[in-house]
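A lone chain, given as structure tokens: the form predicted on its own.
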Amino acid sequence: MNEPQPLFRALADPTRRDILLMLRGTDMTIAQVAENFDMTRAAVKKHLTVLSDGGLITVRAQGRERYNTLNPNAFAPIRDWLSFFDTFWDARLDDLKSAIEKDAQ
């Protein structure tokens, strides 16, 4: 996935971030996820759909149940996007350090 926007949209909501944390340990059905929140199954399903659209989870059918699984590889585009800012700020801070050291001399 090249476009990080669906990932950021999925991560923007604290409930979805909580769901991701729950899925890091085990695959869960909609009902199992819903047990942890004070909302309807339909609301939980909407959150899971946004997470799936963002590629952060995968859904697999097993009999009548649909299991939601964390997709840790989906975080790579976000890491790549954020790495630009690491490089940007490292360069700016190096420039600032050089300027301060030059003024101190």
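These numbers were taken from a predicted model, which means no experiment stands behind them. One-based numbering along the sequence shown.
If you look for the form predicted in complex with the DNA, you will not find it shown, but the lines that follow are about it.
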Is I78 near the DNA? Define near as a heavy atom within 4.5 Å, in the model of the complex.
no
If we define contact as a non-hydrogen atom of the residue within 4.5 angstroms of the partner, is D53 a contact of the DNA in the model of the complex?
no
Taking the DNA as it sits in the model of the complex, is E65 near enough to touch it, meaning that at least one heavy atom pair lies within 4.5 angstroms?
yes
Does the DNA get within 4.5 angstroms of any non-hydrogen atom of D18 in the model of the complex?
no
Does anything in 32-47 come within 4.5 Å of the DNA in the model of the complex by heavy atoms, and if so which residues, in order?
D38, M39, T40, R41, A42, A43, K45, K46, H47
